[in-house]
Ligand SMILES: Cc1cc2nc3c(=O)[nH]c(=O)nc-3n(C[C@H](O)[C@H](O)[C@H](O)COP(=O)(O)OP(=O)(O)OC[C@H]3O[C@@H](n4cnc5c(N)ncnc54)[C@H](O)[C@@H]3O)c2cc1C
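Here you get one chain, nothing else, as structure tokens; it is the form predicted on its own.
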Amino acid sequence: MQDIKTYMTPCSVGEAVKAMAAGGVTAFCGGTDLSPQVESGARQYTATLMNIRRIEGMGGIAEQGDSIRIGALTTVTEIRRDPLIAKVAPILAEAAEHFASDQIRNAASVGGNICNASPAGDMINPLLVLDAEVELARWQDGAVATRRVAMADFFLAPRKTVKRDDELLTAIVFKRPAADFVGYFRKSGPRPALEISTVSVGIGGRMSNGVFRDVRVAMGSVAPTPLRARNVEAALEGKPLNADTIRAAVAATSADAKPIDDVRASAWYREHLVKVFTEEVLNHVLGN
């Protein structure tokens, strides 16, 4: 804490990004990732600590035309309980249900979970399945300028994204899924709500007359970043979802998942889990 010279609580995006343009700002919301990282020495506070929790317009979940917009300050608990999410994107509510504990869900923001850029980030997986984009704001030429980046292109390496130091993630946006869209999320762990994912798999697509289309497959904890499993998607796209197709999709996981050994699991175990979860999720889709 000795490095902090200024504490800010901006009330608008403009106030926040104007301060960030000057440099040396650490932005936080719930602090559920930041605080443990600082305490462990993995990160340091900069001269200005900025609490963004009170910024107007950066919370809540709403329909905007044919899209769903989730403010970056929206907590995991709010996503878990939101009736619109339960109706149009239950895969996201399912992931929120298995996210940490009640206390952490109440504080943790979806924007923070994304910006933390952990390969094991639970909220990232279903948002990749939903083909979401993130909205980034910065101060430019005396005004707030925004851009959108597909989440599939957002992550560069563990804890590293395309977001610039002077940008603030303000929202997540995705198209309202079609009426025949089905999607499911699966993560590992004997305590699935408290344990960081050893492996996670999310699969979604449109099921019509037994054929799976517009397929998106996401994997976590099997590569340096959360990823879209393009080879598994290709094995499923436009195919009848049957036992042969599922076997082909399971085999294709080897081309997408490149896990490593670490303190939580071996590469072999992760490779095994991703195959098991892919098969389980696809059989769930097939059965429903």
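The first residue of the sequence shown is number 1, and the count goes up from there. Computed from a predicted model, the values in this text were never measured in an experiment.
The next section is about a form of this same protein that is not shown, the form predicted together with this ligand.
- Proximity of residue 227 to this ligand in the model of the complex falls outside the 4.5 Å heavy atom cutoff.
- With a 4.5 Å cutoff on heavy atoms, residue 72 counts as touching this ligand in the model of the complex.
- This ligand is not drawn, but in the model of the complex it has a heavy atom within 4.5 Å of residue 30.
- Although the partner is absent here, residue 104 is a contact residue: one of its heavy atoms lies within 4.5 angstroms of this ligand in the model of the complex.
- Using a 4.5 Å heavy atom cutoff, 34, 43 and 196 all lie near this ligand in the model of the complex.
- Annotated contact segment (heavy atom within 4.5 Å of this ligand in the model of the complex): 119-127, selected among 119-127, 176-184, 145-153, 207-215.
- Counting a residue when any of its non-hydrogen atoms is within 4.5 Å of this ligand in the model of the complex, the hits in 145-176 run 163, 167, 168, 169.
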